[in-house]
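Quick setup: one chain, the form predicted alone, written in structure tokens, and binding and motion questions come after.
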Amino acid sequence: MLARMSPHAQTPDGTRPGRARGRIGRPRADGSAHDGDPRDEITAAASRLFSERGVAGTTMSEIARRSGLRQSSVYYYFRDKEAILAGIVASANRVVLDHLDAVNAHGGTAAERLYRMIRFDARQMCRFPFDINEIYRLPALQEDRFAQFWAERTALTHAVAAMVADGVAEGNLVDTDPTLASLVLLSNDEGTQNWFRAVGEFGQGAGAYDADRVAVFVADLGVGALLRDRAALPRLRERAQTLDP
């Protein structure tokens, strides 16, 4: 049986537990109330500030102002900005790992599953609200509360490596080191996010570098380099675009 949690308790990552649906949210700085979950507003505001100023350059008072809440209300849900960060970065892994489960459940050749994963991950990285590479450099990310983040990231690396190994065994991918291939493929996604955030969407019409176009290019480049038969690439691309619109 699960122990009851005190209404003032915090979860291991520093967040407050969820509240019953339909209860009025914490009062805003202007005295008004809001029916939505204040944690979502706080997280959204923090994401924008982290994107604009970096994590180190953002304060809890600024997060409170941007979310329209009193600073005490922000501290009610998150003990510090690192706790907000923990929730944001954890979502980056969870979304991709959930997609991994869906891809494996659907089946298909290892090459097809690998292409779907890399394309999806690259697209998610381009849409992520701030530079994941900056996050990796934060000393706070080495604290115990981020252990799950690193465990999930390791699980993703192993899962992609397993796909590469399966593709080699099936004869569709060239003989290569699966772990090294996985690390390079996922690093490509993160590196692409780094410049995409700086360049953003620009140009007009079909020439614009949006997240979808970049994700296809990254998957073509990375997975295509591992294919024994490059002629199979258009089919993989078409399948991924059909299954993961």
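For clarity, every value in this text was computed on a predicted model and none was experimentally measured. The first residue of the shown sequence is 1; numbering continues from there.
The same protein also exists as the form predicted in complex with another copy of the chain; that form is not shown, yet it is the one meant from here on.
Proximity to another copy of the chain in the model of the complex, taken as a non-hydrogen atom within 4.5 angstroms, holds for one residue of R94, H106, R127, H158, which is H158. The closest non-hydrogen atom of R230 lies within 4.5 Å of another copy of the chain in the model of the complex. In the model of the complex, at least one heavy atom of V174 sits within 4.5 Å of a heavy atom of another copy of the chain. In the model of the complex, at least one heavy atom of T192 sits within 4.5 Å of another copy of the chain.
Mapping the unseen interface onto this chain, E82 falls outside it, with no heavy atom inside 4.5 Å of another copy of the chain in the model of the complex. Not one of S51, L100 and F146 places a heavy atom within 4.5 Å of another copy of the chain in the model of the complex.
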